[in-house]
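What follows is one chain in structure tokens, specifically the form predicted on its own.
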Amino acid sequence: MQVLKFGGTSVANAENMNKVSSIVQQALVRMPQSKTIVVVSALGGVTDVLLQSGGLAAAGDESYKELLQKVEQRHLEAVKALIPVTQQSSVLSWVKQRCNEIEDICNGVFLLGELSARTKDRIVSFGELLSSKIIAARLNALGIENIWVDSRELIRTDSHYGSASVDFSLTNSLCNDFFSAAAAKLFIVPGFVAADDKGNTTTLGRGGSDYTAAIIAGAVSAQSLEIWTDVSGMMTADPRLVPNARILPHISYQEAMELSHFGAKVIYPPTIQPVMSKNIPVWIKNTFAPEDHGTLIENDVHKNGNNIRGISSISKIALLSLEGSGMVGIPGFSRRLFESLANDFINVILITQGSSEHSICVGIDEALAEKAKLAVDKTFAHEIETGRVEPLRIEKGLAIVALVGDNMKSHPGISGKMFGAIGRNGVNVRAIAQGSSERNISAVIAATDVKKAINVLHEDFFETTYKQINLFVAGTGNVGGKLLAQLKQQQQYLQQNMRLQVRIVGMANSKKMVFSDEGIDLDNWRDHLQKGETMDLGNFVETIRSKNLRNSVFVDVTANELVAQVYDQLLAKSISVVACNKVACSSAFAYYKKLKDLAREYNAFFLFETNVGAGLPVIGTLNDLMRSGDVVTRIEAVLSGTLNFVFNNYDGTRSFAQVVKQAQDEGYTEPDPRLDLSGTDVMRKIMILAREAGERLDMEDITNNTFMPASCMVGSVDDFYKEMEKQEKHFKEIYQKAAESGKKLKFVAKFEGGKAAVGLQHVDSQSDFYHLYGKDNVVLFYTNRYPDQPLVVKGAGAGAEVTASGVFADIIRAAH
């Protein structure tokens, strides 16, 4: 025999029912000598409507009648669409009678104002009875003879309405007697529905049609069980959460049970047990793509070399914690806890207990949390009163994420990889459970982190193609624009050669902000941004935090102080920060240290290579020296590409103001050139280097020997240029004094002995700074290992293109 089960979506309408008929015909051809049993669910959505109708009736709301009319009309329309007019009469009459029964029952519920569990089972049973009868009639109309069998005559249960337990001994006997005696080749059976020993209608729980099919398949020792649904098999993860989830072609019974218990909706959890004991293979197939392979569930499967078979989750979990010093070394606490929950029919989903015996935690359905607290606190009332045990503590808003796979057994490192992956993305684990079978590793996490956690785990365990990086970019001006162009240019290279899929999922400038979970098209980012919503920094940050995307990186390509002040909010959410903006690292030492500490605490990166030397590897080199145990004794540097450009190009033939304006026009200066000309920007840079070298330094600790007249530094930027023209004599004298002695002007920063200073110096041809041209920077590190001949980092230290490339490099560091 073979058993086929069709879910609600497979019989949702006449079109889908025709697909079912076609699949049944093919099954009959495939096994012509065997009997075929077809189990049918209610039309998609009907069970929910019937439950809603019963609830409305119990509440005295007469709108239940309208819902029942829609249910009736839907089934009548299906009959008319599927059955020839000459054969419709008897089927329409049968459907009408059943719908009248539903209405009569709901009328009684309305009058009584009460909906018992037994009555609820009676109401919802009509969904499967109606759909299966229509399918049977459709097949008969096609000339495919069949017998419709009421499953209440085949499956016996207890009277636990809503989720009845099967009496397998009696059920197996009834099924065997009926199907062995029947002469027909094809049987149509309603799923979900059964009866107790008094003949009262019971149900097998939501999703119970799968169970019905498995019960019958096990009872008759079927050759196979096929479960036809709207997906092409069980998947490595929920495709609604993980777009890259893949079909599992083969899976073991045990793995299927684990995945179904932990939230995989393709198959109802109890389904596996009746067929596993008989070693009956189970196929998960797609009604809408019957040619797809699907998933084959059978015994010991080692056809998939991956240690992990799937990732699943359960939402709406509450964690119950029973704690107290009075529990230590005292037998029976666990037994009493579980008895108190069992007596109130509260199912325990997860258990964890520390070896200290000081506490025990269990995970249950969140809806039962208050009921559980009442039961447990009552059981331990004496211990609570005497202070030996604390009142039961409840945590809600949680979920369970589970890794499942037979091949996990005896493979070290899987747990470490799991917790390392989610930990790096800021997902806090509240409780952990792993059975001795090593088939399942479960972690309790915040429900808000489920999507991110599952995607991170799927990426680490299943996706060998690429790692997805989600960027939020603030600042689309000169440097920001160049960065976006570079990202666009390198997207394909990064994916092919570095296995990184870098997406811009959020973007903002001073006026607009835009988000796209699918990634902003970098060919048209200006149009997307222009059509975005008004920029609000608070909303921008909150949206980044609430999206909670894996591998998130915030990229600040502004010079905005307010933007720098939000880094802590992002790092505390395990969102890495790449900063071109110098404000944060040159702000008060306490804030700088706070950001560094947050990055360490929350497994995020705080990278700011471009704060000093644009694209030059200055900070990276310094960090490498420090990490390898070297000690920095002195730093000397020319750190302003702007000032170096200005003094390399100023010779008195053009005004100093004109040369500065050229530097600004070519993109070498800060948005406000006075930050460069005053020495403030250089002060920031030497302070950042000193801090990275381990020195606690603030701006007021740095001596600035400025060359700029005070009158130039007040007013607007326009005023600044006008005043420099007035002060041309001052600048020419500075230049001539150096030129007369054969020296060049360089604005030099120095850090030594815990002190730092910046200022204009005359350097001769013997100096490392003399042959420094254009906008180049140079940094000299004197250390214990480089005491006399310094380690030198030299190159272009300004310009949008090189600065953008430095930011890009930091993004790649954060990605890895």
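Sequential numbering from 1, following the sequence displayed. Since this is a predicted model, take the numbers as computed values, not measurements.
This next part talks about the form predicted in complex with ligand ASP, which is not shown.
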Quiz item: How would the site be scored, open or blocked, if ligand ASP were superimposed onto this chain using its pose in the predicted bound form (blocked means 3 or more ligand atoms within 2.4 Å of backbone or C-beta)?
Solution: open
Quiz item: Looking at T36, T783, Q761, T47, which is the one with a non-hydrogen atom within 4.5 Å of ligand ASP in the predicted bound form?
Solution: T47
Quiz item: Ok, K373, K511, K732, R206: which has a heavy atom sitting within 4.5 Å of ligand ASP in the predicted bound form?
Solution: R206
Quiz item: So which of 64-72, 764-772, 39-47, 749-757 is the stretch with heavy atoms within 4.5 Å of ligand ASP in the predicted bound form?
Solution: 39-47
Quiz item: Is E128 close to ligand ASP in the predicted bound form, meaning a heavy atom pair under 4.5 Å apart or at it?
Solution: yes
Quiz item: Using heavy atoms and a 4.5 Å limit, would one call F192 a contact residue for ligand ASP in the predicted bound form?
Solution: yes
